[in-house]
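Just one chain is shown here, as C-alpha cells, and it is the form predicted on its own.
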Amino acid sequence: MKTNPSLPTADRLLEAAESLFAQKGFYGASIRDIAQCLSIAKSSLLHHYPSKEKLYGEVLNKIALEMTEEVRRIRQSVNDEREQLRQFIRLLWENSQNKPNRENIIIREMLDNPKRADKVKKWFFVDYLNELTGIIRSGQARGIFKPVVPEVFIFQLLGAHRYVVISMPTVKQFFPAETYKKVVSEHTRELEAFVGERLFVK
C-alpha cells in the first residue's frame, strides 16, 4: 500500500497499520506485514511502537479522537439536538463511504474485543460515546426527547447502521441492482425515521 512520503515514519506506520488492521483485523495483521508495507525492518517499526498492541492502540486512539471531534463540531455548530442527530446520521453514512478503513476497524474491533476485554485498560471510544449520549441527555433536559436510556439508544442506532454497512457487499452481489440502489438511497432516511419515531417528542 502507498503512504504519504512527506509524513514522519511514525505517522506513515500508523497509516499502514490502519490499512492492514482494517483488512485483516488485530489477529490477522502482523508486525512484519506492517513493516513490509514501508519496506523497513521489523526492528525499526518496534523502535517507534514496541509491540503490536501498542501500535493497534495508537490506531484506535487516532480513529477515536477523529470521531469524537466530528461529533463535537456538530454539537458546537448546531443548537437543536434533533438536527444534531440528523447531521450525525448523515455523517455516519458519509464516513462509511469515504473512510472504509475506519469503518472496518471499528467492526472488527467489536468482534475481536471480547477476546481481550479482560486485559484492556482503556476503551478509546468512551469520549465518543459520551458525546453522543450527551446529545440525548441534552435533548431530554429540554423536553424534546423521550425518556430512553441514552447508551442503549446510541448502541441501537450505531448497530443498525453498521449492520447495513456489513451487509452491503452481500446485497450488491446477490440482490437486484435496484435493491442495492434503494438500500444506499434510503438507509439514512430510515435511520432518521427510526430516531424521530423512537426519540422525538411530537
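From 1 onward, residues are counted along the sequence shown. Just so it is clear, the structure is predicted and the values come from calculations on it, not from any experiment.
Form predicted together with the DNA: not shown, discussed below.
Looking at Q36, you'd find every heavy atom of it more than 4.5 angstroms from the DNA in the predicted complex. Residue contact check for S44: one or more of its heavy atoms lie within 4.5 Å of the DNA in the predicted complex.
Within 4.5 Å of some heavy atom of the DNA in the predicted complex lies at least one heavy atom of T9.
The DNA in the predicted complex is not approached by R142, whose heavy atoms all lie more than 4.5 angstroms from it. Think of it this way: in the predicted complex, the DNA has a heavy atom of just one of V165, I135, A29, L60 within 4.5 Å, and the residue is A29. The stretch in contact with the DNA in the predicted complex, judged by heavy atoms within 4.5 Å, is 49-57, chosen from 155-163, 168-176, 49-57, 65-73.
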